[in-house]
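Two separate entries follow, structure 1 and structure 2, each one form of the same protein chain as C-alpha cells.
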Structure 1
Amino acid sequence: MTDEGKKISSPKGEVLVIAEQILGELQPVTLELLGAGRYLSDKLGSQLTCLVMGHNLAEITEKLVSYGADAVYVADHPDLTCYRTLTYRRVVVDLLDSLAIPPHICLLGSTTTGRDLAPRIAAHFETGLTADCTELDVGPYEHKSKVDPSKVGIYEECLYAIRPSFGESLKARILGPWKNPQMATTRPGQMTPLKPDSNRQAKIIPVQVSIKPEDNRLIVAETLREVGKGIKLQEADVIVAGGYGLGSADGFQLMNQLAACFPNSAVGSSRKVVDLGWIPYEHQVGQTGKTVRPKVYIACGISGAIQHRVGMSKSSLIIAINKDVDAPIFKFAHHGIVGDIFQIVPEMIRQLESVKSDKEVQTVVSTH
C-alpha cells in the first residue's frame, strides 16, 4: 500500500466537553455542547465526558449527568471560584496529561471564557483549534499533500469543524487530524441540547487541583456582574426584533408593546441600530451579537443581511415585516408582510391583546 492510501489511526479517546459556569450558574452553551458531543461520541463509539471547574459544584455535576455525560471530571477548589485564565488552564492541562489516552475531541463554547481558554490549551498540546463553529461531525479524510510526507494517508475519524466564512456566505470545513485532542469552540445557540434524564447514571471523577505560584499572577479582587432585566434573548420563546426601518429609537417602544403580548418574550435588534445607539448591545442578534433559536422571531424593519441572518435563521417560525418588497429577509422568512410597520404592528397588538389569557397566547405560539 502506498503512503497515499495508508490508514493513519490513533487510540480512540473520549469526547471531552469543558463546561462553563459563572458564579455557580451553568451556562446554556455547555448543555448544547453535550448534545453535540453525544452525537460525536456515539458515532466514534467512545465515551462522552465533561470537565467542570469551580467551587461547590454538586448541583452542576448532577445537571451535566442528566444532559448526557457518561463521566464528569470535577475540579472543585476555592481557587477556582472565579474564572482566571492560568488557574483554569493548569487544571485542564494537568488532567489531559494524566490520561492514558488523550481525548479524541475537546469542545468549548465560543464565549468570552471559551475564546480565552481554548487557544491556551491548544498551544500547550500543539494541536489544531477551529473557532466559532456552527456544525460538528466526524468522518474520513484523505490527506494527499506531500509537503510533509508523514501526514499523507487516510484519517478515518477526523473532526469536521464547520464554520461560516467569506462574510457568512460559505461554509468552511476545517480539519486538523494530525494530533489529538482535535479542538473546536462552538457558537452559543447553534447546537441542540438533549432532553434531560434525571435517571441517568455516570461516573463522578474528582480531579486533583495543583495550582502553581505562577498561576496566581492575576488576582480577581472583585466581581461586578450586571444582571439585565427581563428575559434573556437566548431563553426567549418569542423575539420581536427591530431594525433601521423603525426610523428612530422611539420605534422600539412599539417593539416592546408587541413583545409584551407574549409570555417569555424579548426584544432584539439588528447591528445597525445598536451602532446608532438606539438600543443597547445586549439586544443585538447576529454574527457579532447573540445567536438565538426562539419558537417565533418577528423581524420588523430588518433587511435580512447575512450578518443578521446567521444569528436567527434557526428560529422555528420567522415572520418578517418590511415595506421593501425586495428585502433579503423575505427569501428565508416563513411568512412575510409588506407594508408600514407603524400600521401593521399596532393591528397585531390589538388582535393579540384580544386574546384573554396567557394560555391562549401560548397555544398560538406552540401551534406554529
Structure 2
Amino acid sequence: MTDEGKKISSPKGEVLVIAEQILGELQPVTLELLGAGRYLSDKLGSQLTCLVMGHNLAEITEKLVSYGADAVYVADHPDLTCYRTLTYRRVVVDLLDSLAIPPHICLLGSTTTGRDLAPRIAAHFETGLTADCTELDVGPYEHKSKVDPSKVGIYEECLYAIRPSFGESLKARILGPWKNPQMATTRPGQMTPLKPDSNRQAKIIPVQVSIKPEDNRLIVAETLREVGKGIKLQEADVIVAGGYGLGSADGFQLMNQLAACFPNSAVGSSRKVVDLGWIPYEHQVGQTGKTVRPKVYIACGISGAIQHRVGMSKSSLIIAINKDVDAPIFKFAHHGIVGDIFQIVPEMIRQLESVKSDKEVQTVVSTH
C-alpha cells in the first residue's frame, strides 16, 4: 500500500501579512500584500490577518483595516519604533508560537526589510520561503516523486509562489505544501491593493511585546531617508533616465531637455546619482526606487546593475547610451548606442526637434 492519491489538507490557518512601516510611514507593498492576501484567503475560505510592529500605530492600524484585513495584530512598543532584525523577529516568533494553528500562508514584502526578516522566521520554524515573487495563487498539487515517501500525496491548498529567475529569463513555480506557514516575499509594485473602504470592520488584537536583552545586540543609530513624493514616474509614456555617466548634477539639464521633446515624459535616474545628491529620490528607478513600465526608456550613462534592471526591464522599448561597449545594460536594451552622452544626446535632441518642427509645419499647412 502506497500513499499515492492520499489527499492531504491541513487545518485552516489564516493568511498572515506582515506589515512594513519605515519611520511611521506604512509602505505601499503592505497594501499590495493585503490585496493578494485577500484573494488567497477568500479562495481558501480563511481569515486575512495582518501584523504591524512599531510605535503609535493607531492610524496605520485603521488603514490596514480599510485595505482588507479581517484582524490586525498590533505590536506597539517604543523599542519597535524602527525596524531591527532581532526585536522584530522576536515579536513575529512569539506571535506565531501563540497561535493555536500556524498560519496557512505568511507574506512579507520583498523589500530590504522583508528580505531581512522573512528568512529568519522561515529558518526558525523550518518552513519553506519563496523569494521575490511576482504572482501568487493557491491550488492543488500532487507530489509523485518517491525520493522522500513521506512527501507523496495530493495537497489541496498549496501556495503557488511564482518568481522570475536567472536574470528574469525564467519564471519558476516554487511549492512547499508540507509545512505551514508557506511563506513568500513579493516584489513591490506587482500585486494590486483593494480599494480602501472605511466601513470595513476588523478585530484589533494587541500583541504582548517581550524583548530579550540579547535582542539589543543590534541597534539602529540613525535612519537617513528621503521620501519620494511629487513626480509621477510610473504614469509617464517616455522616461529619460540618467546615471553616474552624466558626470555631475548639471548633466540632468540635458536629461530634462531630451525628456521635453516628448509629451507625457519624465526624468528617471539610477540610485548612485541619488546617493550623490545629484537628483531627488523620487526620480530613482529600481529595486529600492520605483518600478516603471513606460513605452520608451532611454538610459543615459547607466551601467545596468541588476537592482536598476528589475525596476525598468519591462519597458516596451529600451534605448541605452553608454560609452562602454561591455556595459551590462547592452545585454537587455533593445537598441544600444556606444558613445558619449554629451555628443549623442544633444544630437538626438536636435534631430527630434527638427522632426517635430517639420510635423508642426505640416499640421499648420494641412489645417489651412
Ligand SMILES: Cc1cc2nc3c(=O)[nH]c(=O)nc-3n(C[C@H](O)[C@H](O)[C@H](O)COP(=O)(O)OP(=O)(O)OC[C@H]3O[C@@H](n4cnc5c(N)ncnc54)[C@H](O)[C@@H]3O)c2cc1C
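What we label the rigid core is the largest C-alpha set whose atoms superpose within 1.5 Å from one form to the other. For residue numbers, the reference is structure 1: its sequence is counted from 1. If you're wondering where the values come from, they're calculated on a predicted model, not measured in any experiment.
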Given the two isolated forms of this chain, which one is the form predicted in complex with the named molecule? 2
Once you overlay the rigid core, does the Cα of K331 travel 2 Å or further between the two structures? yes
So with the core overlaid, does the Cα of Y244 end up 2 Å or more away between the two structures? yes
Determine, after fitting the two forms on their core, whether T49 shows a C-alpha shift of 2 Å or more between the two structures. no
Inter-form CA displacement between the two structures at A305 - rigid core frame, Å: 12.7
Using a rigid core fit, what is the CA shift at Q253 between the two structures, in angstrom? 3.6
